[in-house]
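Only one chain is given next, in structure tokens, and it is the form predicted on its own.
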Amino acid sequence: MVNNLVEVRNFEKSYGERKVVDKLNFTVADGEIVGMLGPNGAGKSTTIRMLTGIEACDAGELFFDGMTVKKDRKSIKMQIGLVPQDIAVYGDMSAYDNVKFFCSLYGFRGKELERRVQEALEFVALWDRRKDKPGKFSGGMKRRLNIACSIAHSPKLLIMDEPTVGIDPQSRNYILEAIKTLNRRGTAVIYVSHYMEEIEALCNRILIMDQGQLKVEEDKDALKERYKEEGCQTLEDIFLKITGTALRDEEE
């Protein structure tokens, strides 16, 4: 029996008269990697902010590992990691101090904090550069530091919003392999990307949002098989069929 780590029920969010998320429902099972796709303005970023507690939903409910946001907001936030699209590290602090600061926000102190910082930096292959400030890092190294800051507290769910934008192929491959390793260790992942080859390589299930609504929630292989009959050969073809937008247009 599949155990759902995350269950979103009827999420709604409006800004003034504009409804950005409209009766959104989906699940994330323990240990799976879910790809979240959608055109610009589909409501993906707003959904992420509601999942992580940055914003409250207007209506709906989030269940996380048997807990509810209404009763257990702090406990849920402690078990979620977010790798944002924009690099979120402090330029005037060393790599070590960046990871230490973010990990300390989850209540870790002393030797346990130091151990977690070292493990996170070793995992992203930056331990040897721990004393350097991000200004000395390449774009790929900054992305890896961002990941270290997001995983040091060992989240059960890691949400990654375009984590490979603007980096070289070697760094991209390193990050993709790191995600697979985290997943093998038991971390569930919501992966947001416009790079369909990354979705193909990582994800076992696909969510497609458009205009604030969920259009698809399906196993990746089953989705591809179902749309073959409509002449869709790739996930990119399927995305175009469902949303009317080419994914390439969304990258610009």
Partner chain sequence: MTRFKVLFISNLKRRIMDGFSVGYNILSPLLMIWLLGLLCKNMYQDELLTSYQYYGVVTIPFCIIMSIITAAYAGKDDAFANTADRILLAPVSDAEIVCAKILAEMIVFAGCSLLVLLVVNVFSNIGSYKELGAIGLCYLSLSFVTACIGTFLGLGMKDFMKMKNILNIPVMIFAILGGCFYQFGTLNKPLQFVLNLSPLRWVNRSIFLLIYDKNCISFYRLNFVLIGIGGIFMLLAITCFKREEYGNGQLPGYEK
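It should be emphasised that the depicted structure is a prediction, and the values quoted were computed from it without experimental measurement. Numbering follows the first chain given and starts at 1.
What comes next is about the form predicted together with the partner chain, which does not appear here.
- Only one of the listed residues (Lys136, Lys111, Lys74, Lys131) places a non-hydrogen atom within 4.5 angstroms of the partner chain in the predicted complex, and that residue is Lys74.
- In summary, among the residues Ile54, Ala201, Ala29, Met67, the only one with a non-hydrogen atom within 4.5 Å of the partner chain in the predicted complex is Ile54.
- For Asn173, no non-hydrogen atom is located within 4.5 Å of the partner chain in the predicted complex, even though that partner is not displayed.
- Using a 4.5 Å cutoff between non-hydrogen atoms, Arg49 counts as a contact of the partner chain in the predicted complex.
- Looking at Tyr90, you'd find a heavy atom of it within 4.5 angstroms of the partner chain in the predicted complex.
- Using a 4.5 Å cutoff between non-hydrogen atoms, Gly107 counts as a contact of the partner chain in the predicted complex.
- Contact check for Met78, Pro84 and Cys149: all three have a heavy atom within 4.5 Å of the partner chain in the predicted complex.
- The chain is drawn here without the partner chain; in the predicted complex, the stretch among 178-186, 116-124, 165-173, 99-107 whose residues come within 4.5 Å of it by any heavy atom is 99-107.
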